[in-house]
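Quick heads-up: the structure tokens below are two forms of one chain, split into structure 1 and structure 2.
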Structure 1
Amino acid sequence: MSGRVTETQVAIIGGGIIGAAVARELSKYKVDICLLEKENVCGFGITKACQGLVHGGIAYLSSRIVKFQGGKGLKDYLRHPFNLKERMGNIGREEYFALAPLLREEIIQPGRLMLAENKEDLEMIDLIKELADLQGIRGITVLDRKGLEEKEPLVHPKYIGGLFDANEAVVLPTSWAIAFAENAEQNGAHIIKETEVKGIEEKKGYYLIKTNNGSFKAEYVINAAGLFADEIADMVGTADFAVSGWKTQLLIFENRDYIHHLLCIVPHPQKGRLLIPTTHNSIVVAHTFEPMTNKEDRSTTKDKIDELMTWPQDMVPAISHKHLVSSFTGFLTFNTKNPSDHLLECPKRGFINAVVSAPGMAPAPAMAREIATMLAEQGLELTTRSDFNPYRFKEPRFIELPTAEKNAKIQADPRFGHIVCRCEHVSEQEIRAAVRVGARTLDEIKFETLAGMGRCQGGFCTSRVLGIMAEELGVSPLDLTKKGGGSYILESKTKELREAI
């Protein structure tokens, strides 16, 4: 552990979607900010494995129904006023649409389509529509079988009706965390990666944060450590909660024009299934539930994958198993202090716990603003910067350009005409540009350019991407990693291995 001490006004612990959004929000002011992220890239913790849903409309009502423990009182439970999580989610959702052109990130709005199979389902739809009307939620339409087919022609014939909510949106989560962090850094914030907090000492007027990368002296600390927020809080004696939740397993399929909206069955207590169209032409099948017993456990299991494999064809029979792309594991978390809500508190002067319960994507921009207000109330002077630049510099994807612009780029640099990733149509020059602006790992290239995100999951392009990265960085491909640390991809040259044998 280095003996170096870096001084800052605000230290943000955790570079997931919340921490990165806070960094960007604070970079609007004349404040010195350090964001400490233990991974090699922001957004590579719990954010990376979430569903990417930016909830709107009836989503929070649906979530309440699924989490209901059964028995009487469902209607009264659903009529409770929105809590912090739901309010922040609805506010934050609107901000994503305003931020997308500024940060050059994508958000799509496929809408949510609930599928009703029987009379009981139709009764639940009527209840949800009634409550949506009471709350002033617009864009909600009850559908019969014909209406379902007009929206999703391939939906299973067993579904007799449904409910359409036009408000549901989807993003690529890690890309947004990276975007918030990059824009914050462009505006003077210090984004310090591969830096894991090992301990915090509370001093008179400041906190001394000890990491594997030296110590940081900060007047204010934002605990946005996600899964490990309880452990960070415990370092300063404020852990009167634990981070708990469910381990969830998910699948990714190619979306060969199978679905155009988020599809879900009508929610009932302890029962929910989702098919989610992504921003890059795939389908996320979500998800199984099992208790979270190990925060580091990202393994998938055959029994859960087998269970998930039945869902797509149960909703859309045309979806083929041969178009399965990948499987992964995420977590749906909550805090034990208030399991149904986010935890946003200041248990000690200058120390804020920002513990987001699932779903945590939508509230990020609104939570960031609220945290800035809390810091001001704690005494941090927030003077607006006149030179704040809300625009993140990022070239548009080559494949999405008009033909004339593509031809002009190829004329200027033929490497634009060399497609390295065939699944996502990523050019050689885009890989090189990503390295030049800071990408150092294969996963960074993946989320900056989408290379490796498609059907073959890097099977065809990985070797070429590694070659380009090695050339740009002036290193051996053997030195490159998937996600930093010891995640090396290559062990030796084939020729050397043959000679050794």
Structure 2
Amino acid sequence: MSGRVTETQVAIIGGGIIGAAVARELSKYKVDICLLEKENVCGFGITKACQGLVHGGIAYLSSRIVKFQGGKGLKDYLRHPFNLKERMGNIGREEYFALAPLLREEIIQPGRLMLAENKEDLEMIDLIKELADLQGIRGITVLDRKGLEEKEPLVHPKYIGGLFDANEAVVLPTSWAIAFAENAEQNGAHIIKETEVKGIEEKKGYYLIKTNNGSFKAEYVINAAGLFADEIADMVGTADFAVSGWKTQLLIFENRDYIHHLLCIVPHPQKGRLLIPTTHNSIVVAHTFEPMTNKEDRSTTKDKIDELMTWPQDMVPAISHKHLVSSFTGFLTFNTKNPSDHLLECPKRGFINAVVSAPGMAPAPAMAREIATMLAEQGLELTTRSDFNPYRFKEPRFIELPTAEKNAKIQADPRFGHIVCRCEHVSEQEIRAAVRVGARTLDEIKFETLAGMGRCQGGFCTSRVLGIMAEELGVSPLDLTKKGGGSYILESKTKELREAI
């Protein structure tokens, strides 16, 4: 296998939100595309553990305020023209709304509610409002306590006012990366998973990319390797930057009508308390900061979990500790070359570094378009495909179908009527279908179907799902893993261990 060489015009390294969006953008044209993803699912790298915010409105203003080092001239500083990050963020955000119906993905716009605790906070809010007006940002309202309560009845009594920004939007990040990649694939792009780039040789007129899964000969390379973009750049000697940043820990709570908007406090450096209502009826509590020392370290720690546990209580006391669903770790990264902006450059002919500085969700569609333009400038011929299908083919979730369609499906195959995952209401047939389109691990089933994603975290359905997977694949449940490699789930059949002793 490793001796095989695949020829392609464009190789995209990394199937996170950026790489996947690029693949879809390029699939509009008559271009050979190979996307190389080291995980077994697109969006399972840094994309998976980001907060899913698609910023709009005052978010970029707030981050400028945080960066401003004090002294006079804040207003002037805030009047500086948009940088790449802000520009692409704003364009990209609009594109998400346009893409949602095409890609059959969800984007919600709960808006952002900034909470003010004291007079200084209120002054800051007035300033933000003034600046938002100057920049022509619409949908911003200053609220008193009563206005706050109308929006969020359960908010802590200590907050005396706030600012509402109607623009903030939220997506499920991995889902979108999968959606981009699937639509690209349906339009002819090759999405090649479990393929890790080990080295790149610069040849005459092409790059030879060596992986654990054969070699790829590509005229153009897009480095969208996220956390590892510096290592990829280093392979062709263009790494005059590193990917650096913070490790951040987050919690997920059930959202039993506790909050309806994204809640935050007024901007402070390295203090980003957020309660984010997600598309799946949960609340993400974000996020703590600590230096990122190891890019593979996704572990959570007790001190940070303890710290995060106090935040919801402090903002919306009704959110009980009992409704904690999960905890996880993500990274907020930046490139050291331009820490406050994205890095989009072409340091070598045909080789593009596309490295975001957080936040990276919002800019993805705009950045994909920009990369297509850069490739054209590099000589790639972009001829529009007349048969490009912008609609992603995706079976809707069974449980979301209207009754008549549900019943037609059940009549055709009664296994649709057999609900396996009781929290997310996933049918047996959907799990079989996921295996048939390539899911091999419990985690893949979870992301494809949502089985095991709910409040019991697989406590009830795991045994059933393992049985169905084993049957579909014609293997023993002992051969199945949680996430590939050595992540086996079952040790042995009963009695075997005892007999061995």
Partner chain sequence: MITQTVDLAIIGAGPAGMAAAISAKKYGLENILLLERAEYPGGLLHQCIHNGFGLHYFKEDLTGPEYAERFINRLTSTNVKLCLDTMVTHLYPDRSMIAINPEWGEFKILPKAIILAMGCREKSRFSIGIPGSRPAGIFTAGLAQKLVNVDGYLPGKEFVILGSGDIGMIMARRVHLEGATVKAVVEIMPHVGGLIRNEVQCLHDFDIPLLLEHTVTEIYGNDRVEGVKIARVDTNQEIIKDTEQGIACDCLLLSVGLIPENELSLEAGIELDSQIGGPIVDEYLQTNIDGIFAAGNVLQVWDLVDNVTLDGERTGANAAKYAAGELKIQPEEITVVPGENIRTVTPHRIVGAEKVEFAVRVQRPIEKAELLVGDYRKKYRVMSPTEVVKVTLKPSDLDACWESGQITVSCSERRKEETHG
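For numbering, take structure 1's sequence and count from 1. What you are looking at is a predicted structure, and each value in this text was computed from that prediction instead of being measured. The term rigid core refers to the most C-alpha atoms you can superpose between the two forms while keeping them within 1.5 Å.
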For this session: Would you check which of the pair is the form predicted in complex with its partner chain?
Result: 2
Seminar exercise, completed: Against the larger rigid part, the smaller one turns between structures 1 and 2 through an angle, in degrees, of 7
Exercise. Once the two forms are fitted on their rigid core, how many angstrom does the CA of A404 move between structures 1 and 2?
Worked result: 4.2
